[in-house]
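Presented as structure tokens, the chain that follows is alone, the form predicted on its own.
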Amino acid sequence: MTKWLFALLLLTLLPVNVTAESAEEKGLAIAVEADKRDNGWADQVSRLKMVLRNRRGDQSTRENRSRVLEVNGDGDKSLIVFDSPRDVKGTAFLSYTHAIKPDDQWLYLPALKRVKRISSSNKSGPFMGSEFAYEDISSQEVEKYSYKYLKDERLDGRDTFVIERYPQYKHSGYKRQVVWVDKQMYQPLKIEYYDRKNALLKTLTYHEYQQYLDRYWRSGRMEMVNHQTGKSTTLHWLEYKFQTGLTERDFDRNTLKRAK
């Protein structure tokens, strides 16, 4: 009887938030917390240098400008305009990310002077010849995936949650993704992408994080390696600025043709 009373007393002293949480619930909770911490920045602009490498190590460089508008109740809107090299100068990519329906994406090709809509079934294709797919560069809304917590793990000296996420979009090029989420920043440090046959396709790593507005973390360099082709792409993010006053009008389809 004494042991039973002691056990009962111990249970009453446990924190009220200690619950039996499934791996799926914990994975979702981590994703929700990461999304919550990155809300409220309104808009951001930056410069971006893209370095493409083939299997032999030969490389080419592209420079562009990016601007993003945070949209309440839906996914973000983004516009990328290429400045160099000459053969892609003036090319512009517009994306309306959605939480629970296919993203709307358009590409303006100055040589043809026309706007091309990216098919909802072609989001797994390479973006401008890089190792990033169209679906990789859209905002990662929580509702786009289902989740599962796998484990805690140290990665490059930092404590992380390791979660698995499964695309809910039927045309995704991936069966699943494994994400290492930094416990302090609640930002990804590494993502492994598995193709539809469940073979490791690509690995993305994030480097040189900095904090802006005393709250928002952004990576200064992203490295995507394609294990199946031997190709890789590096993204260098430069000159981040936030809350610059962008509006919906800065992201309409007419913006593509006049983007400079």
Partner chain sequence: MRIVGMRKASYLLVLLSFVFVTPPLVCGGEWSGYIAGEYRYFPHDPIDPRQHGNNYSIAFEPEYYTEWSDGQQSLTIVPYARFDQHDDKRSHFDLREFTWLFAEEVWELRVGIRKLFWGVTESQHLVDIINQTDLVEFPDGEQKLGQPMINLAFIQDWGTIDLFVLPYFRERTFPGVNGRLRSHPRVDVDRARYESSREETHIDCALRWAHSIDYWDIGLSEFYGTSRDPSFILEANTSGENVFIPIYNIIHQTGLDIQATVESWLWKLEVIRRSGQGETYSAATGGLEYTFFGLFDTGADLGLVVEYLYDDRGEDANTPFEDDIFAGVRFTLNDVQSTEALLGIVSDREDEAVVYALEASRRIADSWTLEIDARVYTNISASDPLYSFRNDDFLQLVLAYHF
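Positions refer to the first chain, counted from 1. C-alpha atoms forming the largest set that superposes within 1.5 Å between two forms make up the rigid core. Note that the structure is predicted; figures quoted are calculated from it, not measured.
Beyond the structure shown, there is the form predicted in complex with its partner chain, which is absent from this document and is the topic of what follows.
Contact annotation: its partner chain lies within 4.5 Å of heavy atoms from the stretch 102-110 in the model of the complex, the single such stretch among 102-110, 183-191, 139-147, 69-77. With a 4.5 Å cutoff on heavy atoms, R158 does not count as touching its partner chain in the model of the complex; it lies far away.
With a 4.5 Å cutoff on heavy atoms, S60 counts as touching its partner chain in the model of the complex. In the model of the complex, V88 approaches its partner chain with a heavy atom inside 4.5 Å.
Interface membership of K175, defined by any non-hydrogen atom within 4.5 Å of its partner chain in the model of the complex, is ruled out.
The partner is absent here, but in the model of the complex a heavy atom of I118, alone among V162, A92, A133, I118, sits within 4.5 Å of its partner chain.
Within 4.5 Å of its partner chain in the model of the complex, a heavy atom is found for none of E24, K26 and R55. Residues of 165-189 that come within 4.5 Å of its partner chain in the model of the complex, judged by any heavy atom, are K170, H171 in sequence order. Fitting the two forms on the rigid core leaves the C-alpha of I118 displaced by at least 2 angstroms between the shown form and the other one.
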